[in-house]
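Shown here is one chain on its own, the form predicted on its own, set out as structure tokens.
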């Protein structure tokens, strides 16, 4: 291969170009690359921290949901217990009311029975007196009449 002036000129131009690139172009490119690497590393670290925060938030959310479920279950249990108490109280009140109404009805029946007996006694005594008058066909004085009615009422 022939070494001529063109080859030497191209070599010198190449060396000047390389020196120029190393002196003025290479440092800003390297700085930009290093800044980009730093940004990427910071981004990855932030993503890692975010992932950890997300995992922590998920676990806290699961704990809160679990606690809420426990509270809901507790509230439901209390509500069921209270409902059962109310039903039991209602049944007891119903039994008391039924007994009260039965007692009132029994007393009313007893009163009606006594009233009917008294009325019946009066009617029977009137019928008895009328029958006795018809049978005897004679007049009885008031005092004797009252005595007979009293005895008849006592017997009934």
Partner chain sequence: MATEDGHGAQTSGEYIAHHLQNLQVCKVDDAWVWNHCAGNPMAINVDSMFFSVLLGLLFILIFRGAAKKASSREPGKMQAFVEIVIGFIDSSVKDTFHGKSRLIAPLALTIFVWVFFMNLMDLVPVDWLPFAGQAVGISYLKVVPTTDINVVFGMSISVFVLVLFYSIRSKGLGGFIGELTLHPIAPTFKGPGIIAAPLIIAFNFVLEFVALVAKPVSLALRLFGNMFAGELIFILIALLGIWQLPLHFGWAVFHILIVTLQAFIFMMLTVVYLSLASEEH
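What we label the rigid core is the largest C-alpha set whose atoms superpose within 1.5 Å from one form to the other. Positions refer to the first chain, counted from 1. Computed from a prediction, not measured in an experiment: that's the story for all the values here.
Heads up, the form predicted in complex with the partner chain isn't pictured, but that's what we're talking about next.
Of the candidate stretches 55 to 63, 27 to 35, 122 to 130, 91 to 99, only 27 to 35 has residues whose heavy atoms lie within 4.5 Å of the partner chain in the model of the complex. The closest non-hydrogen atom of residue 118 lies beyond 4.5 Å of the partner chain in the model of the complex. Put simply, residue 6 is close to the partner chain in the model of the complex: some heavy atom of it is within 4.5 Å. Contact annotation: residue 39 falls within 4.5 Å of the partner chain in the model of the complex, judged by heavy atom distances. Applying a 4.5 Å heavy atom cutoff to the partner chain in the model of the complex picks out 4, 5, 6, 7, 9, 10, 11, 13, 14, 17, 18 from 4 to 19, in order along the sequence.
Once the rigid core is used as the reference frame, the Cα position of residue 14 differs between this form and the one not shown by 2 Å or more.
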